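The data below hold one chain only, encoded as structure tokens and taken in the form predicted alone.
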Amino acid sequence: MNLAKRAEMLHVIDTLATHYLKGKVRAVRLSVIALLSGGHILLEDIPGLGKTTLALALAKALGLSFGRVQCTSDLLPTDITGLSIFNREESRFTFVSGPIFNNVVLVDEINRAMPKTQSALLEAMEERKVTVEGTTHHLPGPFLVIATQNPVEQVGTYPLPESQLDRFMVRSGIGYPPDIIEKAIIKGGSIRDGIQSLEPLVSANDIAEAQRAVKEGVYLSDTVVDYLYTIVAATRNHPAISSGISTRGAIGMAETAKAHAYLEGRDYVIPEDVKAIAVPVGAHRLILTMENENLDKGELLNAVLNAIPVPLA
């Protein structure tokens, strides 16, 4: 069994969840799963629950270059991608790269950016390259975008349409920490200063090796593929859902299930891996019918999962 760098990736999760992000182990684990499967994560919850702190801590622990975009209604695409500036001394234009040219990019409050700016960002996430004035610039790897979003009913936001939500491999909330942990957080105050002194726990080479181990070293059997497809097909035929999980979503479920199996110490995927990642990877891709648009997508997908028999192997 070759699960290269698994111990190192588990060390990242354990360190962050134990010392810096108490009560947020699920969100930390999902962020690492998104990284290992080559995707991006959208953290959605009300302000003040630690979305930005999680992104900062993860970037420090991974030891990668870090860029931050604070989205506002007047943010332009070039504020993210970069632009060419005329250099008088050299009498030519020079490209100045934007924050997207970092390994880990925190896009804070993405739904406060205008749709045009959101589209530029999401295109860069998908293509992993940026074209400015006819010149294509490739983004560095490993590459992880951690976007945060406040609930869409808040004033001054531009909710991401479903087609753009589909670009995020994982969507997760943060949630309130357990009572005893929240009391300790209140007593201890903010941990932002402590995060600044957090030393990298892994290197870029470690992460790249772990990603290869997930992609090439974890086996996905035909039985599990059939189970995954049955789930996807059920969302497409459900009366409350007008558009079910896309093929891209199904691929994302397969890749994240492999990352989940890797973290669990297996070089093969079992149906429980698919069940574990189905809601964070699949729920935000569902488009509900008008009469059911107030239903909770996560609960609906869980109901679909519970109605499908789990194969034995």
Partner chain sequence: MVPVSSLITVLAYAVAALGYLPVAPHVDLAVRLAFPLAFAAGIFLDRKGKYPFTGIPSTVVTVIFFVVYFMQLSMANPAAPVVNFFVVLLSVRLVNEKTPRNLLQIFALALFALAGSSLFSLSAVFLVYLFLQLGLIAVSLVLLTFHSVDARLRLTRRSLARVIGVALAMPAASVPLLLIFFVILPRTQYPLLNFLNVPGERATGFSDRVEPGKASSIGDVKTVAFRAECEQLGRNDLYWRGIVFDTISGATWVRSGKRLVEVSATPRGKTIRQVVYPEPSRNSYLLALDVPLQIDGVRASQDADFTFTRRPSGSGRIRYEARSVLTGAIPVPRGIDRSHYLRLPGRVSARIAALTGEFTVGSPTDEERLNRVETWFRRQGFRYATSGLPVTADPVDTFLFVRRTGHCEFFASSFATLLRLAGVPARLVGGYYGGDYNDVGGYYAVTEDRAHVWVEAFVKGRGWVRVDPSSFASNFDRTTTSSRGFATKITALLDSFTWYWNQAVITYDLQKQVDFIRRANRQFKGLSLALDPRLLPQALALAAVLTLSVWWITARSGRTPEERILRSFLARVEKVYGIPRNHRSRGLHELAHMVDDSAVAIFVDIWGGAIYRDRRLSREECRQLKQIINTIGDGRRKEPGKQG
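Residue numbers count along the first chain shown, from 1. Just so it is clear, the structure is predicted and the values come from calculations on it, not from any experiment.
One more form of this protein, predicted in complex with its partner chain, exists but is not displayed; see below.
Quiz prompt | is_contact(residue 310, its partner chain) in the model of the complex, heavy atom dist at most 4.5 Å | solution = Contact with its partner chain, yes.
Quiz item: Is residue 66 close enough to its partner chain in the model of the complex to count, meaning some heavy atom within 4.5 Å?
Solution: Heavy-atom contact with its partner chain at 4.5 Å: absent for residue 66.
Quiz item: Would residue 224 count as touching its partner chain in the model of the complex under a 4.5 Å heavy atom rule?
Solution: Yes - in the model of the complex, heavy atoms of residue 224 and its partner chain come within 4.5 Å of each other.
Quiz item: Does residue 33 reach its partner chain in the model of the complex, with heavy atoms at most 4.5 Å apart?
Solution: Close contact is absent here: in the model of the complex, residue 33 is far from its partner chain, nothing within 4.5 Å, heavy atoms only.
Quiz item: Okay, which stretch from 24-32, 48-56, 241-249, 266-274 lines its partner chain in the model of the complex, with non-hydrogen atoms inside 4.5 Å?
Solution: Contact-bearing stretch, as computed: 266-274.
Quiz item: Which residue, 229, 95, 158, 219, has a heavy atom that falls within 4.5 Å of its partner chain in the model of the complex?
Solution: Result of the distance check: 219.
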